[in-house]
Ligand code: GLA
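The chain below stands alone, shown as structure tokens; this is the form predicted alone.
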Amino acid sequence: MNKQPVEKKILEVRKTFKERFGDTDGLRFFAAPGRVNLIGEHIDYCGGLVFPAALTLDTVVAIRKNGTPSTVRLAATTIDGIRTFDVKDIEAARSLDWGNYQAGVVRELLALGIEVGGFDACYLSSVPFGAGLSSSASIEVSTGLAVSKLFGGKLSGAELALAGQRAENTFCGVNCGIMDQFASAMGKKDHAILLNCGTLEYKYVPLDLGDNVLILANTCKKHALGASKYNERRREVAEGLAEMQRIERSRGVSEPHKTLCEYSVAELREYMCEISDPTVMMRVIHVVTENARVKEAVKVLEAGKLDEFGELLRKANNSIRYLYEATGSELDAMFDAAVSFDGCVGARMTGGGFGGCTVNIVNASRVAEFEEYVGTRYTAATGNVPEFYVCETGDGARELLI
């Protein structure tokens, strides 16, 4: 995990900005974090409850107006050269090898009435790409905050999150839900967020792990949501919702539920055997029961029952593994190794799946032992060498003042 103090991040991104763009007069700095979802996977787009926390892993943006009417120039500390697009022809930016997330966000800001002109921006990210920690959301939200502030916009955190989600859905082709962007925009240090993805109602829940810490275990198998089975799962749960609604209507219900997560476990048990496609039925079972697990997880965590919280994480992983089929051999090997370690309170996959990370609650005095134990077994099973990050929760999107 990159534990650079914010001052060092600012100096590093400022240095790269000067190398690429020259003068640094008027430079402003913004940041937005990646996130870990503790429980509630693949239900944010089904109107469900999720329980993410923002991390101190973040994307930092150095930005200033460049005096042109519409030319945008982008750079990053880890990418050579400059990427350019024109605010008046944003559609052309779809072909960029890097920078389309930013272009999509600019398009959304324009649609909201913010008069975006030309600017230069340089990015520094400590969020591992393709690890299921929402590096894309941190780019979208940091861009949205930076550009809107630069050009006089006054968007709320929820509005920033929604703009980022629309950019990813409509410009970048990934049919994601709202959770990642919301957690990046609205995170709070030492807290997780219980978020209703259907209504955007939320509350902060203190994250007290006692003598334990969060460890992210990266399989180092990158996932590419747009090219994975993510969008296929979206289609399957849409079919599942249509089936559940059909069953309700056949029983005389005039106004069926509008999202899958509105269905109770009792309703699921009553209706599920009438779903004709067994694969769709499995997806529906996961969504409805996962939503119920989130509610229970918050209750036991608030009651200080960490062992029960850990058990719910394991149950959630098995559901996403066997019913939603969104893990893969690498995540399965990482999870199996983690839960066999006697100092691990709980573990599960986190993020979109098909690669990425597991999140693990581990006794703080046994971190090195856990990493050695899990790393050895994971490498033996997959041939990959994992990475581990001891995590801290952090604040959401903000301007960095120096």
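Just so it is clear, the model here is predicted, and its values are computed rather than measured. Residue numbers here begin at 1 and follow the sequence given.
Unshown form predicted in complex with the ligand; subsequent notes refer to it.
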Exercise. Any chance Tyr263 has a heavy atom within 4.5 Å of the ligand in the predicted complex?
Worked result: no
### Message
Please tell me whether any heavy atom belonging to Phe309 falls inside 4.5 Å of a heavy atom of the ligand, as the geometry stands in the predicted complex.
### Response
no
Check your understanding: How about Gly104: is it within 4.5 Å of the ligand in the predicted complex, going by heavy atoms?
Key -> no
Exercise. Does any heavy atom of Phe51 come within 4.5 Å of a heavy atom of the ligand in the predicted complex?
Worked result: no
Contact with the ligand in the predicted complex, heavy atom within 4.5 Å, among Leu301, Ile275, Ala76, Cys176 goes to Cys176
Here the chain appears without its partner; judged in the predicted complex, the stretch of 36-44, 363-371, 339-347, 57-65 with heavy atoms within 4.5 Å of the ligand is 36-44
Taking the ligand in the predicted complex and a 4.5 Å non-hydrogen atom cutoff, the residues of 338-366 making contact are Gly351, Gly352
